[in-house]
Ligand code: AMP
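Single chain ahead, written as structure tokens, the form predicted on its own.
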């Protein structure tokens, strides 16, 4: 081990732990009158936020929550969720952000696996909670969350209603220091096989992630997305990787924050207009829904900056949003990475290039942020060249990546094989450090002796004027091993079949952008493409649906 010089701290020097409470206390120093807003129902200032966090800490402590306990939250995006994201870890407990879009069986599994002891339940989920409550093994008490405090609901071992409890609690709480490596949050991934896996993050990791995100989005000029004058509204659920960690960033910087509750495209447009929102983040499918909303038609969204992640950002969606005044920027991450590790960046060379070239790089996964290391490896773990052409699995290092899966050491060891976090994504790295995600390893299609990227094919298909939404998967083929199969949602007033799609793709083959083997010989025209609980394309479900359609000779299918 390298021998370095270490000087002991002076007697009495404060050993500063990186704790989430530091983020909360920073926000109010900038603009105390900036507001936290919940739908069209509530708004309050940062001093009130700090006071309410203290009240909630007192409520939880009085209910018996101790350091190390896991406290679960079942709620839509709200001021209450923001308060829980601070108060629970600030008293040394762990917040479990429950994905309310999972099946009841999966929610039950995650709660028992996480060993939840206390649960805060939105009134909308009372029926769901009552159904699984007899099978919960560790939960001791519940708290009710509701937009109508005068209404009651039956919950087992109910402590009381959130607002009434806060109103009766002290507005002062002495948040003690403790080890910055204490676990602060946990949530469960939605894997394609087996049970969801528990990802967890420490106080130190979340503080460093917050600092990293604020640097990536606020200090790099080509993507300057987020500053203290922005108005923030998440369109990524708070149960999904802490809404990508942006509520922590927004609070640290003292931004005006707008929480929309359950997502409704029409109401999101209304809130954007009323509150003058300038910064959001979401997956492509949610943005598409928002742009298709009735209230969005004819609207100029000028000044709205949106970070796109979770799925690839294709050129068609980028240009569609740009025509409506929205500046989209691609970013990359996953549940296990906190999540943000890279964001689109245009260096001087690219800024001097054509608009088409700039667009190409704005929709890529981008350049790793400060403190992030990225590499690509082959199946044996050997490092591959960063030449922009060689493909391999993207592996990462950063100080905020999860260190494993809760109570599943073997899966954690697989995640960190060779001392790098394995993403499961096929990618290239180029000489400028740009990450270009080509596909998920499990979604790459091998046909005609060639590897086909489903993401590349989806991007090219989406450029057809008739296509509103597309998903491509590989299906078994006795002659070619696999063949690409496309699901299409068609724009109103348009038509397309497999032959028309082939004619659309032929020029890309002639230009060398696409292999001839990549042209789908079968497509299905559907009204909706299956999505996961966080809005990503559910390709596992899509493959099962296609198998069923083929077995029944469904009229959805169009064949060359």
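Numbering follows the first chain given and starts at 1. Fair warning: this is a prediction, and the values are worked out from it, not measured in the lab.
One more form of this protein exists, namely the form predicted together with the named molecule; it is left out here, but the text below deals with it.
*asked:* Within 4.5 Å, heavy atoms only, which of 186, 202, 311, 316 is in contact with the named molecule in the predicted complex?
replied: Flagged contact: 311.
*Out of 305, 113, 240, 197, which one falls within 4.5 Å of the named molecule in the predicted complex, going by heavy atoms?*
Spelling it out, the residue with a heavy atom inside the cut-off is 240.
*Counting only heavy atoms and a 4.5 Å cutoff, which of 155-163, 72-80, 211-219, 330-338 contacts the named molecule in the predicted complex?*
Flagged stretch: 330-338.
*Indicate whether residue 425 is a 4.5 Å heavy atom neighbour of the named molecule in the predicted complex.*
Residue 425 belongs to the contact set for the named molecule.
*asked:* My question is simply whether residue 22 lines the interface with the named molecule in the predicted complex - judged by any non-hydrogen atom within 4.5 Å.
replied: It does not: once the named molecule is placed as it appears in the predicted complex, residue 22 has no heavy atom within 4.5 Å of it.
*Any chance residue 543 has a heavy atom within 4.5 Å of the named molecule in the predicted complex?*
Result no; residue 543 lies far from the named molecule in the predicted complex.
_Considering non-hydrogen atoms and a 4.5 Å limit, does the named molecule approach residue 415 in the predicted complex?_
Because no heavy atom of residue 415 falls inside 4.5 Å of the named molecule in the predicted complex, the answer is no.
*asked:* Taking the named molecule in the predicted complex, would 437, 440 and 536 all count as contacting it (heavy atom within 4.5 Å)?
replied: Judged in the predicted complex, 437, 440 and 536 all sit within 4.5 Å of the named molecule.
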